[in-house]
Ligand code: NAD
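Have a look below at one chain only, the form predicted on its own, in structure tokens format.
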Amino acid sequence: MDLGFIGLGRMGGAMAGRLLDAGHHVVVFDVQASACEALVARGARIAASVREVADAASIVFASLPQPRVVRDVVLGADGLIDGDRLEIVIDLSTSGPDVAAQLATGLRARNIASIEAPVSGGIKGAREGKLSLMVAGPKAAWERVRPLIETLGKPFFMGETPGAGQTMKLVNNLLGACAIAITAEGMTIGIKAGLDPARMIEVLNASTGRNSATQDKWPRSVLPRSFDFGFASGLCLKDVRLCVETAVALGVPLTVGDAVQALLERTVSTLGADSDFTAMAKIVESDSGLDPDRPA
């Protein structure tokens, strides 16, 4: 099948590679041309522009960092919407329910289907085809692209309402960020009381306090003090902000969510937007008088 893929960062590049490995012809585009090189070596073809991707492929995937970028790439001047062959756009980005609704409305006017399929599972999951994908969009288009999406991982169809998949993803990312924040607080209590952090994680993972942070983020990135799990704190903050905005629109107060957003804002302002989101632990430790750069 002739497919398009726009946005070849660490996640996008891995997902595009999965499609190539499945035997599809893939035309790719990224504003950083160097991001395309590894995929070209595996058989992909580089397009000179977003529009050229949609002229070459009937189904185009997008994996992009910000909602405004998604909107511009899909609906902007010389965007995907103007392509000669385009029939379905699959947005793998976490772009929020408002953008999902805008894409659905804009593309529908051109008889193009919009499928939202934000992903969870990180770079490792993208490489191994073990992502979870929260899908929403027209049922007929979903059934058509389902085999492609299953190449990337396990899809969960959330319905035809625009924004349903994006809302599910925002809830997931809020809970994931909360897990890091509360685990950082609990671990800091134990460390200051003289407990061994590795032993604490062992106990937590055998007990009711276990969560996604204790099960993978602390063993892989916090205990070894590498803070390299693979998701930037700036992107995590973007997702949590989108979730908070969605909650406000729905009339749902987020006492805990607001606190985690504030912690992420401090992480970004102190350590930079490119710092790993597990570095939230450094802020909690520093506030408690621990050296955030201490060795394991």
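Note that this is a predicted model, so its numbers are computed, not measured. Counting begins at 1, following the sequence as shown.
The next section is about a form of this same protein that is not shown, the form predicted in complex with ligand NAD.
In the model of the complex, F61 stays away from ligand NAD, with no heavy atom inside 4.5 Å. Ligand NAD is not drawn, but in the model of the complex it has a heavy atom within 4.5 Å of Q32. Mapping the unseen interface onto this chain, V119 counts among the residues with a heavy atom inside 4.5 Å of ligand NAD in the model of the complex. In the model of the complex, T183 stays away from ligand NAD, with no heavy atom inside 4.5 Å. Comment: ligand NAD is not present in this chain, but in the model of the complex one of V203, A164, V171, I123 has a heavy atom within 4.5 Å of it, namely I123. Of the listed positions (L271, A247, I46, V69), a single one reaches within 4.5 angstroms of ligand NAD by any non-hydrogen atom in the model of the complex, namely V69. Comparing 192-200, 155-163, 89-97, 140-148 against ligand NAD in the model of the complex, the single stretch with non-hydrogen atoms within 4.5 angstroms of it is 89-97.
The putative spot formed by G9, G12 and P65 is fully lined by ligand NAD in the model of the complex; each residue has a non-hydrogen atom within 4.5 angstroms of it.
Contact residues in stretch 226-242 (any heavy atom within 4.5 Å of ligand NAD, taken in the model of the complex) are G230, F231, L235, K238, D239.
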